[in-house]
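Take a look at this one chain, the form predicted on its own, written out in structure tokens.
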């Protein structure tokens, strides 16, 4: 399990260490009471297996439509990767996986207020500055919510690059509604991306750009190495920047320019807490510590689930799963899935995995700037473009990179002080390291402390204030620990698996099964294994609801326009 190390002296009872020995136990410390009551004889319209943010979003639409829904979560708390817990010390709220909620801002659920979560405690904070990147030569680039101010930062190095940033932002804004339209619609519902781009004056160019690599686009548009490194700081997760079909990632930083990097006040888990309250308020039932053992299949149709504790929950309409497909196929006889589905599961590939260290501190990361110092909520360390390019090579060789490793640094307490005791801070240090080591994944238990200290010491080159006496406690999560914490993080993949050409679009999770319906009738799938993939978009959840509601004889348009099912 993840290693917990405490440093310095705790001076008040409020900051006393948690008397917990594992990540699982720490999650239980924040466990909400089981919601509702349901016995094994109770019948539901829909049984939801797993309570990640996507399955909860789908459930929210279903209960709004008037269906009787029960959500079964295997762990002590709902939320999946969208959860907040006291990993280190009491009063310090750490996001267990996701932090920024950029893409969900464009989801019609929030954008059009289809599901009003503000009434249930969800409030977003929009950090400004948005993002900061210091360099070894003492220079830096800061992204601000003000476009002119951001361009001025790049102009310090290259006026041409500043103009390129402004131009690319405008270009992306002109097509982003098309990308959003296909993201928040199931495959086959409405026009495809290519059909939409065909209606755009530069649609053919965008077809080419999306097929290119992120690095090819950045290299072609920016001349200065600082500016190139800055542009590569945002798309590092999920896929290496040299891979084909990562071209859209070169424009990922512009979503931050539009929305900042929104964080829920009180922690990432406030999103799923609000969803849980909404579901309960509309008659849904949520049960925790209900790990799924198998699917109940009768007359070749999925009619419910059986839990590890022996309880069973049946439904009249459908089972909705957010269990990782690598595990899901073991919950029903193999012959029911069909060979093409099994082949797709067998060839499923992991993504670029994360290595995470959470700290409880007395100070935020502080970086020197011309005006004095800056204390951003989000910063990144990419010393040079080749440091980002090296990620693909290190993963191919299954080796850990300890030489100027690219890092993301999140200090959400700089923008949201409610996440820690007064004057204190949480820091989340994220690197990208392979789950598969030459010595085997278990070797992470041997080396993770060394890797964590190396990453911290590298950060100290740019933020020297973070001395040992400023760090009260730390929790180290290797890629192996991330999988142990949440089985959906298969092989350390916090986005369920690579969002490569082989596992994107109509091929996610595999050809023929991209519309959230599974090979077993009555079974639907949502979550990061499904289109459009991982991250906090809520798209798989809303899209699954679109398909299910259609199959039930109504539509999401009817549901959001009126609260009763047809």
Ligand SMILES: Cc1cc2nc3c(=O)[nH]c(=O)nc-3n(C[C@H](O)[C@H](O)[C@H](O)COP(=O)(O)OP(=O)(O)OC[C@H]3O[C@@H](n4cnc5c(N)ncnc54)[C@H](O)[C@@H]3O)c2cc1C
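Owing to the predicted nature of the structure, the values given are computational and were not obtained by experimental measurement. Numbering follows the first chain given and starts at 1.
One more form of this protein, predicted together with this ligand, exists but is not displayed; see below.
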query = According to a 4.5 angstroms non-hydrogen atom cut-off, is residue 279 in contact with this ligand in the predicted complex?
reply = no
inquiry  = With a cut-off of 4.5 Å between heavy atoms, is residue 51 one of the residues that contacts this ligand in the predicted complex?
reply    = yes
request  = Indicate whether this ligand has at least one heavy atom within 4.5 Å of a heavy atom of residue 426 in the predicted complex.
outcome  = no
ask   = Within a 4.5 Å heavy atom cut-off, is residue 534 in contact with this ligand in the predicted complex?
value = yes
ask   = Does the trio 89, 361 and 414 actually contact this ligand in the predicted complex, every residue with a heavy atom within 4.5 Å?
value = no
message = Looking at 352, 97, 234, 325 here, can you tell me which has any non-hydrogen atom within 4.5 angstroms of this ligand in the predicted complex?
response = 97
note = From 331, 187, 451, 389: within 4.5 Å of this ligand in the predicted complex by heavy atoms is 331
remark   = Given 74-82, 225-233, 395-403, 461-469, the stretch touching this ligand in the predicted complex at heavy atoms within 4.5 Å is 74-82
query = in the predicted complex, which residues of 280-295 put a heavy atom within 4.5 Å of this ligand?
reply = 290, 291, 292
